[in-house]
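A single chain comes next, written as structure tokens; it is the form predicted alone.
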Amino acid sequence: MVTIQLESISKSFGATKVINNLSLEINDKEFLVFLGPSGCGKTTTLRCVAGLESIDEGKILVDGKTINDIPPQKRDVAMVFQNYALYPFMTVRDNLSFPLKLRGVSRDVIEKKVQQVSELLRIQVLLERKPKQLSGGEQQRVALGRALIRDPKIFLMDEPLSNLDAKLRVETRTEIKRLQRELGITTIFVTHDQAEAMALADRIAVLDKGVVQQIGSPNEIYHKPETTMVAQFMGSPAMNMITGTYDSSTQDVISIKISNSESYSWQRKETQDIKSSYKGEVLVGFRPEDTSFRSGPGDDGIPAEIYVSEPVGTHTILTLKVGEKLVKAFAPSDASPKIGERGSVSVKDGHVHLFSIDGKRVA
């Protein structure tokens, strides 16, 4: 059993606080993803767990034991870096076996482990090649193999797929997820790619400015974001946001401000997730995939005009002008929208999110 606890850890570089009083727990055999924009502290947090950076405050515990002062080589942690860090003058076989040679493992055991790992990662035919003779995906699998061959307690990955093309990224993340499930290694994975995080994670911790904004399952993070930062970071295109006013005592009627002089009353259905009674200014959020446009006059939507149309294969992304605001909506791939076409925009029942002006979820 391998659990990791981060208890109120902080880390600064000079006057810049990169990690700010961060606390969370990673469960045994869990695949946790740190997700957030560049500079949010996710890689620094990973490096602190590995022992490559020291923390200024707080504790890092593995199975209840504080490891703050334990050097990296004794933490039983394996890390895969963004640039793979393979030795260019060594064959794949030697790259895989090198960590075991440093530990003084016998030649027979090393050979057995190399065969096991190469079969697991399907790289047997690559063993006598050098890194320059490998594709990006092959180099990535060798880097994974070099980490796995040590049988680590903890597996840390720092944006390991960022150097791969789109197709190879999808294929490799599938292999990483299969391996993690098969081996049952407690894993922390760092990425800025929300699709990657959604596909891989048991839970996602969304970070911003060194603070955990939300931690939960991919579905929780996507469908019930706790802050506007999480709401707009998850999803592509980002969640639409329009300022409005809301009073929970008036049957969920929202007044959406679409220009300096024009507002529109909108009925928000489903009240069961309202945290408390609320009255005042809000940010009204709704995802493009829950938003649709209908041409011609309509009584049940907000007046809108097509501003831009972007076919993307499976669907068409519409940018709609709603008063002085621009919002995104999805249309079928076979739709033929025309710029300037007028109509109305509507949102699926139960898919409107409300946030306070300071960015916290209201409903």
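Position 1 is the first residue in the sequence shown; the rest follow in order. In this text the structure is predicted, and so the values were computed from the model without any measurement.
Although it is not shown, the form predicted in complex with a small molecule is what the next lines describe.
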query: Exercise: Gly301 in contact with the small molecule in the predicted complex, heavy atom 4.5 Å; finding: no
query: Thr44, heavy atom within 4.5 angstroms of the small molecule in the predicted complex; finding: yes
query: Interface membership of Cys40, the small molecule in the predicted complex, 4.5 Å heavy atom rule; finding: yes
query: Distance check, Leu22 to the small molecule in the predicted complex, heavy atom within 4.5 Å; finding: no
query: In the predicted complex, segment of 328 to 336, 32 to 40, 63 to 71, 309 to 317 with a heavy atom within 4.5 Å of the small molecule; finding: 32 to 40
query: Heavy atom within 4.5 Å of the small molecule in the predicted complex - residue from Glu159, Asp290, Glu138, Glu196; finding: Glu159
query: The small molecule: the contacting residue among Val347, Leu354, Val18, Ile9 in the predicted complex [heavy atom, 4.5 Å]; finding: Val18
